[in-house]
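As a starting point, one isolated chain is supplied in structure tokens, in the form predicted alone.
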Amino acid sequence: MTPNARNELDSILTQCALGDDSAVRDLVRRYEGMVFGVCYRMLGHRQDAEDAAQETFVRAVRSIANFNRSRRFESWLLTIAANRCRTALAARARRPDPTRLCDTVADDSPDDHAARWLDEELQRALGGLKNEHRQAFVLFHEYEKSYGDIAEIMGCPIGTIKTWVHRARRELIAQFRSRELTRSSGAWT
């Protein structure tokens, strides 16, 4: 982060701590895509991800006065998001599966069907991973966080994060192969 960007963020954080609503909106605009993306990849459902992202920002704004400015704000915010997602996943595990009320309506419009299909397959495969493995994998591959940043966000040693990312990769490849979604040429390994 450039010094100017850091100063601008510090100013926004100070204004948020003072209760400035426009600063809160600026903060949300800056980070909503990243926070929602992490929540969506972890939870796999748009509504749940929206709820977790909203809770993340509510908690962050409430605690912003206590934020340690020597830490990276992005890591702190993603830690809150990850905790919200873990809480949501635990609550989801305790409730029964909903019954499907209707079938998906077919849409014949010419669009990127293959890309949507691949994204759905990836979501399905990510849903089959352990929560920690999925979170580490998404932060590393989708958000291009370093192992050190992920370790800080998840509160684990770097070696553990590396192991989780590696296991997530192996499990995703195994799931794709078992569903015959990959070439057997080893292109995924």
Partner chain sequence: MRHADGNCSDFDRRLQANLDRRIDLDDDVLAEHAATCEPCRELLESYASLLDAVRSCERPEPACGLADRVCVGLGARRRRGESRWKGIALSAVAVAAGVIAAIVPWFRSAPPSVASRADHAGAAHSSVAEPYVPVVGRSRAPMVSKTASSGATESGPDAVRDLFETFAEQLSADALPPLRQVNEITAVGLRPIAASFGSAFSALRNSLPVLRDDERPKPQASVPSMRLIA
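Residue numbers count along the first chain shown, from 1. Owing to the predicted nature of the structure, the values given are computational and were not obtained by experimental measurement.
Quick note: we don't show the form predicted together with the partner chain, though the next part is all about it.
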| item | value |
| --- | --- |
| The partner chain: the contacting residue among Arg124, Lys130, Arg46, Arg69 in the predicted complex [heavy atom, 4.5 Å] | Arg46 |
| 4.5 Å heavy atom contact, Ser146 to the partner chain in the predicted complex | yes |
| Contact of Gly37 with the partner chain in the predicted complex (heavy atom, 4.5 Å) | yes |
| Glu180, heavy atom within 4.5 angstroms of the partner chain in the predicted complex | no |
| Heavy atom of Val24 within 4.5 Å of the partner chain in the predicted complex | yes |
| Three-residue site Glu32, Gln54 and Leu172 fully in contact with the partner chain in the predicted complex at 4.5 Å by heavy atom | yes |
| Sequence-ordered list of residues in 114-137 near the partner chain in the predicted complex, where near means a heavy atom within 4.5 Å | Leu118, Asp119, Leu122, Phe137 |
